[in-house]
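Take a look at this single chain, the form predicted alone, given in structure tokens.
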């Protein structure tokens, strides 16, 4: 799996779609709903079931990160599956606080 900045992926088990913002520092497996993601333009349709351990869902417009490798993705379409990298759950990235203008 070649995870490059700007590459687009989709879940194989739900409707989630994502864009890579920052690539990982090491090779690994990006998954959604417990199943490996597929390139956005591929013909494979969503099928199968979301694994119960990865069923928290993802929100449109939110960024998710893997702290260990620095991987960061932006969700372009929401879905029922949650993201993981090498079976580690990815976390929702918090917004940076704006500086005070006092």
Partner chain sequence: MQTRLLLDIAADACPDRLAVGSFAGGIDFQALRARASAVAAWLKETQAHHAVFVGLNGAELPVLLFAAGMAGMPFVPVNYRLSDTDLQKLVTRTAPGIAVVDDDMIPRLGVIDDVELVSRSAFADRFMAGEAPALQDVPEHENDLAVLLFTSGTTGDPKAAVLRHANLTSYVMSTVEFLGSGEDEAALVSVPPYHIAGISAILTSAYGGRRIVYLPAFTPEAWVETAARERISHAMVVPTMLDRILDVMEKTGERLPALRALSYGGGRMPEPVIARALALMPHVDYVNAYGLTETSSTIALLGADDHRIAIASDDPAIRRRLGSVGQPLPSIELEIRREDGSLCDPCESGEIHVRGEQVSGEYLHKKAIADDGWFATNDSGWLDEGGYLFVEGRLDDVIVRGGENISPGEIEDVLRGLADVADVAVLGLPDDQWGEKVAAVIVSRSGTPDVDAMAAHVRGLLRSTKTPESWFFRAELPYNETGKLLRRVLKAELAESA
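Predicted model, so just to flag it, every value in this text is computed and none were measured. Numbering follows the first chain given and starts at 1.
There is also a form predicted in complex with its partner chain; it is not shown, and the following applies to it.
A.B. asks: My question is simply whether residue 52 lines the interface with its partner chain in the model of the complex - judged by any non-hydrogen atom within 4.5 Å.
C.D. replies: Flag for residue 52 set to no.
A.B. asks: Just to confirm, residue 75 within 4.5 Å of its partner chain in the model of the complex by heavy atoms?
C.D. replies: Residue-level check for residue 75: yes, a contact with its partner chain.
A.B. asks: Within 4.5 Å, heavy atoms only: does residue 61 come near its partner chain in the model of the complex?
C.D. replies: Flag for residue 61 set to yes.
A.B. asks: Quick one: does residue 22 come within 4.5 Å of its partner chain in the model of the complex, counting heavy atoms only?
C.D. replies: Residue-level check for residue 22: yes, a contact with its partner chain.
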